[in-house]
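Given next, in structure tokens, is a single chain: the form predicted alone.
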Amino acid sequence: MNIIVCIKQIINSIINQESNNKRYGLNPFDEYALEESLKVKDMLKAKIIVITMGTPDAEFILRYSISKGVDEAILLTDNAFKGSDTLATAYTLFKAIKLINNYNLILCGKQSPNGNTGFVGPELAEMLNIPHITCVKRIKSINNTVVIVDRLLDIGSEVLESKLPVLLTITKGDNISRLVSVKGRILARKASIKIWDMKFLNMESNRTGSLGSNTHISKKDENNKQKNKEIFTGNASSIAVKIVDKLLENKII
């Protein structure tokens, strides 16, 4: 069983105690994906590779992953990757996974807090031409040919089955992050991190970074959240009446 986990470094995350980096952290949804991969490794003989696309300092989340039990880590870094939207990011991951070639299961976090689109996983699966299941909260069972998962719905959940290879995007479930052992810390410090750039990936410059992105921010209004802001005071009953009146006034209800 060969598992690939795509992870992302984010700013101002809740940092795990094992990390000494105070500014950056691992995307919490990727933490769930990482734990699901390790649970599969506990059940089966499996090799786990983690991939991240980012600046050189993203190496620390790769070493953190190795300290948990990951076997191999790859950093995709190049100035040409700057400004990538979800499509360009998925394409860069696609090129890396095509180089790895040998995989049964790909796991991604459901989304990242700084974007909240949830697009990268499905886009990557489409590029690889493999099935995908989103919002998976638990891998119920897996063998070398089939996986059965619990998929979170707006109300309740459903059980789905897929043939391998498949891509799963993982959300919060029973995947509570395990603690790092002393042996894990030592292995992480000594581990060799593979670094792949655009040239190594044999990528076209117009498929990555801002050139390869179909999404562009034309204007950012930092004060937008403050517009039309109104604070109601009083007890609960009077506040409720004021809110209803305001909703009626604006023809929302």
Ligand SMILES: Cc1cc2nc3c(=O)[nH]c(=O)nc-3n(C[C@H](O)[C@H](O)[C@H](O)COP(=O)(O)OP(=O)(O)OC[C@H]3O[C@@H](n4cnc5c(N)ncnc54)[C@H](O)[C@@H]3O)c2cc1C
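Numbers for residues come from their place in the sequence shown, where the first is 1. Quick caveat: nothing in here was measured; it's all calculated off a predicted structure.
Keep in mind that the form predicted in complex with the ligand is missing from the display, and what follows is about it.
At a distance threshold of 4.5 angstroms between non-hydrogen atoms, N116 is in contact with the ligand in the predicted complex. Contact between I7 and the ligand in the predicted complex is found at the 4.5 Å heavy atom cutoff.
In the predicted complex, at least one heavy atom of S84 sits within 4.5 Å of the ligand. Among residues of the shown chain, T171 is not one whose heavy atoms approach the ligand to within 4.5 Å in the predicted complex. Here the chain stands alone, but in the predicted complex its contact with the ligand, taken as any heavy atom within 4.5 Å, falls in 24 to 32 among 24 to 32, 65 to 73, 40 to 48, 184 to 192. For the marked spot (G109, S112 and V120), a heavy atom within 4.5 Å of the ligand in the predicted complex is present in each of the three residues. Site annotation in the predicted complex: the residue of A125, L93, L105, I139 reaching within 4.5 Å of the ligand with a heavy atom is L93. Along 35 to 57, residues I51, T52, M53 each place a heavy atom within 4.5 Å of the ligand in the predicted complex.
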